[in-house]
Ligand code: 48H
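Next up: just one chain, as structure tokens, the form predicted on its own.
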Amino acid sequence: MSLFKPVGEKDVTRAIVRGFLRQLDEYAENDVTIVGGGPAGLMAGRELARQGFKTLVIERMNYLGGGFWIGGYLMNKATFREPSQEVLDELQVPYEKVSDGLYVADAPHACARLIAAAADEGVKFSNMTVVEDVILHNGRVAGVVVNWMPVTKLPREITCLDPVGFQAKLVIDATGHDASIVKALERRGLLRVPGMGAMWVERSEDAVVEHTGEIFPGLLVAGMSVAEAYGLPRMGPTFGAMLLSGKRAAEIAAEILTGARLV
């Protein structure tokens, strides 16, 4: 006697296709498109979705979390400076106090909890998706132009697959060191990107959170994209500023979307 109910291969295929296309149709227009599914993007997504904003996270890899999974130097440990351990408390992630103001946690545990928290709040994801360009309406970022990531690996002679667009009221660049959305505007001569500076943990974390916000009409930066966009020092293997920057980006985005902040 079979343990599982009888289901054909065709049924599995239809379930995947219908579910994917339904989500694609629904999220072709959304409140906030977050590019980059690392700690800053996931944190921003969680905060926005829990407030009821229709939130989509685009990630070019086949997994979420970015470097959050592996922590520092492939050792699966992530460090957090006070007060960012409060986010770990929210996510119910255990951690140890190493010294005054410094904490360490298992990176896979923290990352998995953050992904689950974002999904629980209603964030939707589009993996293996790369942003080729931005949508600009009247001098404002109004969405992103996307394609399948594997298309970028094909020889140029045969890459004739046209991209599609996701329209959004706001876009958040949380692509880390790539700062890919900011650099898309730089290629159009609309921004100048100095690139991040050398490592200086103490200065970088405060600076990243302080500079988080709207860098161009309709576009916010969060996490290490902030350092890249403003020429700030890189923060190294500490993750507190990425989480708090994601929170700050969500706060600013919510203010813009609700009209509490002048655009």
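The first residue of the shown sequence is 1; numbering continues from there. Predicted model, so just to flag it, every value in this text is computed and none were measured.
Here the subject shifts to the form predicted in complex with this ligand, a form of this protein not shown in this document.
Engineer: Which among 249-257, 21-29, 236-244, 5-13 is in contact with this ligand in the model of the complex, heavy atoms within 4.5 angstroms?
Structural biologist: Of the stretches listed, the one contacting the partner is 236-244.
Engineer: In the model of the complex, does residue 130 come within 4.5 Å of this ligand, counting heavy atoms only?
Structural biologist: Yes, residue 130 sits close enough to this ligand in the model of the complex that at least one of its heavy atoms falls within 4.5 Å.
Engineer: Since only the chain is shown here, I'm wondering whether residue 58 would be in contact with this ligand in the model of the complex (any heavy atom pair within 4.5 Å).
Structural biologist: Looking in the model of the complex, residue contacts with this ligand include residue 58, since a heavy atom lies within 4.5 Å.
Engineer: Even though the partner isn't displayed, in the model of the complex is residue 218 close enough to this ligand, meaning a heavy atom within 4.5 Å?
Structural biologist: Result no; residue 218 lies far from this ligand in the model of the complex.
Engineer: Please check if residue 121 has a heavy atom lying within 4.5 Å of any heavy atom of this ligand in the model of the complex.
Structural biologist: Result no; residue 121 lies far from this ligand in the model of the complex.
Engineer: Could you run down 17-53 and flag each residue that has a heavy atom within 4.5 Å of this ligand in the model of the complex?
Structural biologist: The stretch 17-53, when checked against this ligand in the model of the complex, contributes 35, 36, 37, 38, 39, 40, 41 at the 4.5 Å heavy-atom cut-off.
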